[in-house]
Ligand SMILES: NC(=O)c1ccc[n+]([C@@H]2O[C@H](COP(=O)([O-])OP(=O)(O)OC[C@H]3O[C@@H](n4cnc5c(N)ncnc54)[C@H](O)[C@@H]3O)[C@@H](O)[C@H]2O)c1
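First, one chain by itself: the form predicted on its own, in structure tokens.
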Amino acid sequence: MGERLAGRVGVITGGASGIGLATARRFVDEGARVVLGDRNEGLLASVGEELGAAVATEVIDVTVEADVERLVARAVSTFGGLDLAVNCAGLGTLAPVSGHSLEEWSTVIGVCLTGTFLSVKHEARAMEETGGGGAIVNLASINAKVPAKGMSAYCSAKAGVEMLTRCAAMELGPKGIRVAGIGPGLVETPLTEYARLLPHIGQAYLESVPLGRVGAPDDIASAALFLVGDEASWVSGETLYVDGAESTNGYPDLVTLAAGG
């Protein structure tokens, strides 16, 4: 147990699994109290039992503004304020531009970009009301800067998250609120299970990482802990790429690999 976040209150979207769950565990270990938002009620209940009184949970859809507002309000009502936020909710699809359905495009943009916007909006409002400043971290991706075949919606959404982070940092800095991003490479989470179930895809990812391994959720949680902590008190507006240098090698051709090529 540490004390780097002792007395601080946070919210985490996508907090029931993967990077969000690893971040929640790390924050609680460092003394924070956290409200976790996710649309998976069963997983949220399990996490609540694991982490105990240091967490509260809310079943939310980040594309529904009232849900996000309720999540942030829960932090204020239960724990007395809001100091930290990590916005992890996201998803992706695989389809060529010319064959991408509008419905799937809208879903990806809605969760990854609009959901992050709504989260930053209401997190910042709560921080402004307390007047004590705060720190917000948005999960982008190496695909914010590295294009990938079949992933136009995800790449576009994550590029938007990186620019949203810069704009929000510019606007909120005078109010003492820092906004930064994390751009993970491939991390072993439920969202990337396909890379484990299809060994040739997993191997292609592995070969693209100069450090020789894919990421773990704790790798990203460590970056989030740094960015919300006092050590990063002059870090705002930038996205920290945590990818084992994967972005230096481009991105695997998932369309060809998925077709067995």
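Here the structure is a predicted model, which is why all the values come from computation and not from measurement. Numbers follow the displayed sequence, beginning with 1.
Below: the form predicted together with this ligand, not depicted.
**Q** Going by heavy atom distances of 4.5 angstroms or less, which of Ala159, Leu191, Leu94, Ala126 would be at the interface with this ligand in the predicted bound form?
**A** Filtering the options by heavy-atom distance leaves Leu191.
**Q** Which one, Leu186, Ala75, Leu172, Val146, lies within 4.5 Å of this ligand in the predicted bound form by heavy atoms?
**A** Checked against the cut-off, the match is Leu186.
**Q** With the partner removed from view, which of 127-135, 98-106, 76-84, 150-158 is the stretch that lies within 4.5 Å of this ligand in the predicted bound form, judged by heavy atom distances?
**A** Only one stretch passes the 4.5 Å heavy-atom test: 150-158.
**Q** Can you work out whether Gly18 and this ligand are in contact in the predicted bound form, taking contact to mean some heavy atom pair no more than 4.5 Å apart?
**A** Flag for Gly18 set to yes.
**Q** Taking the shortest heavy atom distance, is Glu69 within 4.5 Å of this ligand in the predicted bound form?
**A** No, no contact at 4.5 Å.
**Q** With the partner left out of view, is Val179 within 4.5 angstroms of this ligand in the predicted bound form by any non-hydrogen atom?
**A** No, no contact at 4.5 Å.
**Q** Any of the heavy atoms of Asp61 lying within 4.5 Å of this ligand in the predicted bound form?
**A** The answer is yes: Asp61 has a heavy atom within 4.5 Å of this ligand.
**Q** Taking this ligand in the predicted bound form, would Glu30, Val55 and Val228 all count as contacting it (heavy atom within 4.5 Å)?
**A** So, no: the whole triplet misses this ligand.
**Q** If you apply a 4.5 angstroms heavy atom cut-off, which residues in 88-116 are near this ligand in the predicted bound form?
**A** Cys88, Ala89, Gly90, Leu91, Val111 sit within 4.5 Å of the partner.
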